[in-house]
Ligand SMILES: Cc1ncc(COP(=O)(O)O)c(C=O)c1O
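Before any questions on binding or motion, here is one chain by itself as structure tokens, the form predicted on its own.
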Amino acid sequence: MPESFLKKALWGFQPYVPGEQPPDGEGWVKLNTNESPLPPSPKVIEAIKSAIDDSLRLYPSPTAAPARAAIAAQLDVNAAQVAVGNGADELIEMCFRAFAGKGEHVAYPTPTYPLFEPLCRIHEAVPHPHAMAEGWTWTDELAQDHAPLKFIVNPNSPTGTWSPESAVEDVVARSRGVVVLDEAYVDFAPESCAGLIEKHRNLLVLRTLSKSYALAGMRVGFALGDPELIDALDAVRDSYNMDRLAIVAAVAAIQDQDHHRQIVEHVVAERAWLAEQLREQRFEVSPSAANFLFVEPPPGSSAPAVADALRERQILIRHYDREPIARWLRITIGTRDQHERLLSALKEIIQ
């Protein structure tokens, strides 16, 4: 990145790179960005179509109030305990604005969501990563870290590891600053830890409608927490950060829990089936509570080579070229047809 006009803190900066997005409708099997394999609720489509009228000339609710109310009603919390953002990523960035000053530490385990380190650089905070223990579990050092802002992802990405409520609460209770629990994948896990917000005023729980509600294209995320923390997020939020169509889509999606359950049930069933098929092809499969699998290719096979060979066949999966996960691949749960095409290609490549 050219340095001539950048602030010095960003010299040599490496931005976060999302998974590859090929053009729509070109026959790709896209298992690299953890999107839903099923479409959104038909009620979402109806709601968006109904909202496309003359009202688009008007600004939306500045607080996305209808979406906040629908989320609060579904999760049995007060609307004052809910903030809404342009995807969970915007809420993560808002946490940096609100809770981490220049030169202050931001703690997180590693390997985890790779957005945290670039955001530290952007906000001139000091990244304070803690290497995970065996089995991709958090360490005591992470819990003891007194950083004013701390992130944990549960289930974790890219490993898929899920930690029970007792482990989450241990980190929150021993932290002096704000702990942000990213539960982007929790609908595919045994349970959420969102109930802990009633016991711990320093806990923010982040959720998204991108995965289990199939709204990745609408960019809707929300945070749950003590009203004081929600007020802090609102204080640094961009004006009108949610557009009218995203707000009505969020309301319709949240209210159609039957469709939501169909997506979750499909993903959980296909996750188990695909894991077994990959084990039969001698892949090591890490236990996953998310909508993806984290796998290591058989001995003698290189993870980047496998990913490249799949791409040549128009099949995308995710490889992270960094330690300690450079030997592993992340595969989004898709449809049975997509999985069979993936497995057929892998059999060809590995042989």
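In this text, residue numbers run from 1 along the sequence as written. None of these values were measured; they are calculated from a predicted model.
The same protein has a further form, the form predicted together with this ligand, not shown here; the description that follows concerns it.
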89, 211 and 220: each with a heavy atom within 4.5 Å of this ligand in the predicted complex?
yes
With the partner removed from view, which of 73 to 81, 202 to 210, 167 to 175, 244 to 252 is the stretch that lies within 4.5 Å of this ligand in the predicted complex, judged by heavy atom distances?
202 to 210
Answer option from 106, 186, 153, 95, heavy atom within 4.5 Å of this ligand in the predicted complex:
153
Report the residue, out of 192, 163, 157, 110, that has at least one non-hydrogen atom within 4.5 angstroms of this ligand in the predicted complex.
157
